[in-house]
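Consider the single chain below, provided in structure tokens and representing the form predicted on its own.
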């Protein structure tokens, strides 16, 4: 017999998780802010239990911290934390990207081209961030290392928070990000691991240098 009540609770928890995750990543719930169950319950129009369970799940994503036995807060942000995320991301993605290229085949190349095309079409649209992540994760998806890809995905999300913190600055988009993506794509399809890795890491470190400067006062 299927427990429909349990299914509804799981669905409510998942919905709360997705909503809270989005609000934390985009800064709607600011870094370091105490997350009160009752306030979030009213905001999401759901029960206290799904909110509490969602916050517990988000602690595994390192987007939420427990501040006592029952309390939560959005994970704090700092320049040191960002630089650690950046360094780990560069190290792990370099490993995964090189593994993907070493095992390159036509299927992976087709998925790369398609994900890049979809990212371009999503420019200046609400779904751009989703398409952007898909492109970057597709670069790593041929590594045949699920745990490594999972860590890379988590670091990507942690990095997003910092991009939203700095995105309002006037000079944020002065770089030709589209050209950088094309360079990464072409090097990957050309199966030149050294050139591809250098293009990817330069892409991250240019953004990292800018964000680190912006975060100096945090």
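No experiment lies behind these values; they were computed from the predicted model shown. Positions refer to the first chain, counted from 1.
We do not show the form predicted together with another copy of the chain, though everything after this point is about it.
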- Query: Within 4.5 Å of another copy of the chain in the predicted bound form, do 53, 72 and 85 each have at least one heavy atom?
  - Reply: yes
- Message: Given that another copy of the chain is not shown alongside this chain, does residue 130 nevertheless sit within 4.5 Å of it in the predicted bound form, heavy atom to heavy atom?
- Response: no
- Query: Might residue 198 be said to contact another copy of the chain in the predicted bound form, defining contact as any heavy atom within 4.5 Å?
  - Reply: no
- Message: Can you tell me whether residue 34 touches another copy of the chain? I mean in the predicted bound form, with a 4.5 angstroms heavy atom cut-off.
- Response: no
- Item | Non-hydrogen atom contact residue 115 with another copy of the chain in the predicted bound form at 4.5 angstroms | no
- Task: Name the single residue among 101, 92, 134, 77 that comes within 4.5 Å of another copy of the chain in the predicted bound form, judging by heavy atoms.
- Result: 92
- Message: Which residue, 66, 191, 41, 175, is the contact with another copy of the chain in the predicted bound form, using a 4.5 Å heavy atom cutoff?
- Response: 66
- Query: Quick one: which residues from 117 to 149 get a non-hydrogen atom within 4.5 Å of another copy of the chain in the predicted bound form?
  - Reply: 145, 146, 147, 148
